[in-house]
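Next up: a single chain in structure tokens, the form predicted on its own.
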Amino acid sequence: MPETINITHKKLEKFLTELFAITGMNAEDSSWCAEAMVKTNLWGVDSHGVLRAPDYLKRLTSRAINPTPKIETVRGGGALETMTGDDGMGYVVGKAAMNRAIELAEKYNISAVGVTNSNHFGAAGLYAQMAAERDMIGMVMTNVIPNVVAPGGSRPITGNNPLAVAVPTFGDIPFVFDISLSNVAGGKLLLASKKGEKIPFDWATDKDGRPTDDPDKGFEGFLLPVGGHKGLGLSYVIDILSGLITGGVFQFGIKSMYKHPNDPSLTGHFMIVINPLILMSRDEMQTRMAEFRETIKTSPMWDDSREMMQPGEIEHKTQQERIKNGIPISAQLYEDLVALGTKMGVSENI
């Protein structure tokens, strides 16, 4: 068997939709979870895509994740609300929260919606881009159990709390900035482990805080922050917004989906949506964003063979290529998914 196997995005999406439906999720939620995960793989963000499916499905089956959550507003008013995710699938909760933030921004031109009692929701860019597709700016963040050591520390102090921002360009290339505040996301350690690869020493430490090139030791240990104290401080801010002020959990109140596989994660999210078209016309913003992108694209590089990219452009190009040629997944992950499909009784395997 080859090291990687290419699967069409439509086939993979159909397979995952049926898997999620078997756990008791309704048709709309099952379809969205599959769509979101496959879209993440299409972007080339394989660490947050189908790789996570087996763990999500185990948690749905054990009811650590509620397949039929009642997601509703519990606090706030005006343009600021907090919703409960009722321990639901993070993808479902994240979508509901962003839709509510968009709805409020349509009324108030700016809104913020916090979320409590959710679970891992995949790539934050999924939800930020939802706002951009509605001609609005989306800012999305989520808190994570402390897995990042401060520079010089030997124990974790904060999470690698992700942040994504999407801005409508009204053109072909989206502007989507999506990062976590560790040098890499934890999913990249999982991916390296699946592929049997070493990792750079500035990605993670072992459980004693010592830098390591072993992805398994790194996954058992801690991540290192991006930009030293800068990334560390920003992660504190995201935890305050996503967990502290919403009335949800923060810092060590969050539960790891790997260390506590049978418990809800209690993850928090925070969505901010801005309507820029109250400040200028659509045509003016399109012209200004095009000018902004052109400045980036024409910025010189010392290596003439390389191309300057705006945030989201690499993912856009990767998506076009993978729609055409299929999504590559490791042979090990393919075997895991086939076995899972057989075990759960999927009618048509991948």
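Take the two forms, superpose them, and find the largest set of C-alpha atoms that agree within 1.5 Å; that set is the rigid core. None of these values were measured; they are calculated from a predicted model. Heads up: residue numbers just count along the shown sequence, starting at 1.
The protein also exists as the form predicted together with a further copy of the same chain; that form is not presented, and the subsequent description refers to it.
Colleague: Work out which of 220, 208, 72, 103 lies within 4.5 Å of a further copy of the same chain in the predicted complex, going by heavy atoms.
Modeller: Checking each option against a further copy of the same chain in the predicted complex, the one that comes within 4.5 Å is 208.
Colleague: Find the only residue in 260, 198, 195, 230 having a heavy atom within 4.5 Å of a further copy of the same chain in the predicted complex.
Modeller: Looking at 260, 198, 195, 230 one by one, just 230 meets the 4.5 Å heavy-atom criterion.
Colleague: Would you mind picking out the stretch of 128-136, 261-269, 153-161, 88-96 that comes within 4.5 angstroms of a further copy of the same chain in the predicted complex, counting non-hydrogen atoms?
Modeller: One stretch meets the cut-off, namely 153-161.
Colleague: Is there any non-hydrogen atom of residue 303 lying within 4.5 Å of a further copy of the same chain in the predicted complex?
Modeller: Within the cut-off, so yes.
Colleague: At 4.5 Å between heavy atoms, is residue 167 in contact with a further copy of the same chain in the predicted complex?
Modeller: Yes, residue 167 lies within 4.5 Å of a further copy of the same chain in the predicted complex.
Colleague: Does any part of residue 84 reach within 4.5 Å of a further copy of the same chain in the predicted complex? Heavy atoms only, please.
Modeller: Outside the cut-off, so no.
Colleague: Even though a further copy of the same chain is not shown here, does residue 180 get within 4.5 Å of it in the predicted complex, heavy atoms only?
Modeller: Although a further copy of the same chain is absent here, residue 180 would touch it in the predicted complex, with heavy atoms inside 4.5 Å.
Colleague: When a further copy of the same chain is placed as it is in the predicted complex, are 110, 279 and 289 each within 4.5 Å of it, taking any non-hydrogen atom of the residue?
Modeller: Per the other structure, all of 110, 279 and 289 touch a further copy of the same chain.
Colleague: Let me know which residues along 16-48 have a heavy atom within 4.5 Å of a further copy of the same chain in the predicted complex, or say none if there are none.
Modeller: The stretch 16-48, when checked against a further copy of the same chain in the predicted complex, contributes no residue at the 4.5 Å heavy-atom cut-off.
Colleague: Superposing on the rigid core, does the Cα of residue 206 end up 2 Å or more away between this form and the one not shown?
Modeller: Indeed, residue 206 is displaced by 2 Å or more.
Colleague: With the core lined up, does the C-alpha of residue 270 move 2 Å or more between this form and the one not shown?
Modeller: Not so; residue 270 is displaced by less than 2 Å.
Colleague: Core superposed first: is there a CA shift of 2 Å or greater at residue 96 between this form and the one not shown?
Modeller: No, its C-alpha moves less than 2 Å.
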